[in-house]
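Form predicted on its own, single chain, as structure tokens, below.
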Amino acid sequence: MQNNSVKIAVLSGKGGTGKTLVSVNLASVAEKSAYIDCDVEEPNGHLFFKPQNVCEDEITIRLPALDNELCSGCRKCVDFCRFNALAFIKKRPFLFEEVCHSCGGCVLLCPEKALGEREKTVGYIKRGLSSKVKVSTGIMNTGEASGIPIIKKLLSGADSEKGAPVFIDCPPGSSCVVMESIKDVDYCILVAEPTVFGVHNLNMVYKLVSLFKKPCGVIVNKYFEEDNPAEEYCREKNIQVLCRLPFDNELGLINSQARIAAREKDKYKELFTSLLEAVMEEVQHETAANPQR
């Protein structure tokens, strides 16, 4: 970790909890940073940053392509595929694209060389700059089964800014796309609402980061001045509460208009700067305690 950028993932058990609010504001108050939107089904961080000089890359996967004239109908490719992406129909293999993992094993195995490969576009990545923040956004094409190829490509350049923190805005929930987003991070921020339902969602992502053995802390969003189930859960699990974002009409209005609060008001800049300092202190503590992590 000493030679790479610190990678911080921001997670929540459902959409609308405040994950993007936290991500974009933390990236904005850092001296220099990168923001990566891995919520490839519904990315919205770019609406806040409005990046300039945007470049776009097409993301493709490789799928098997059959030459009917060469195929002998031996079924070896169908028998090989453990994902059941190939079926034998009318004496020829038929591909179910949605479950193909693009491993290429069927192509290598085919004794007649009847299987080649073709490329299929599954989405795009857009990269631009917003002040001092490098903004990367993944966009999955409608109807695609998985955003993992896009997320892998997004995160492959996450170390490009040496010494600058990288904030990863994860998809909501705890599915495989979230796992892909957090597997190489140094620290996880879990955003929770102070309600019983919020605890259910917090528990979901806490179990996930614990499975990956990732250090984490919690931000309680829409906080009110009384005991709440989210903080009770954190006390029970001995989870650090990093910050309490107040139930604030002005903050909600700024956020609903896709503006970055830390760039709009000094009080919010101070709030998120303090939060960033707390997060980086936790990261440094974890690094000292676990130097091999």
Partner chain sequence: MKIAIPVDEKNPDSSVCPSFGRTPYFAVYDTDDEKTVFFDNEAASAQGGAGIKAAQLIADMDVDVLLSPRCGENAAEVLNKAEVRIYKTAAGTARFNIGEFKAGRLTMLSDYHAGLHGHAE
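Worth saying up front: this structure is predicted, and the values here are computed from it rather than measured. Positions refer to the first chain, counted from 1.
Although it is not shown, the form predicted together with the partner chain is what the next lines describe.
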* Proximity to the partner chain in the predicted bound form, single hit among 124, 212, 80, 96 (heavy atom within 4.5 Å) -> 96
* **Sole residue of 183, 207, 118, 90 within 4.5 Å of the partner chain in the predicted bound form, by heavy atom** => 90
* in the predicted bound form, which of 71 to 79, 131 to 139, 190 to 198, 218 to 226 comes within 4.5 Å of the partner chain (heavy atoms)? -> 71 to 79
* To do: Please check if residue 156 has a heavy atom lying within 4.5 Å of any heavy atom of the partner chain in the predicted bound form.
  => no
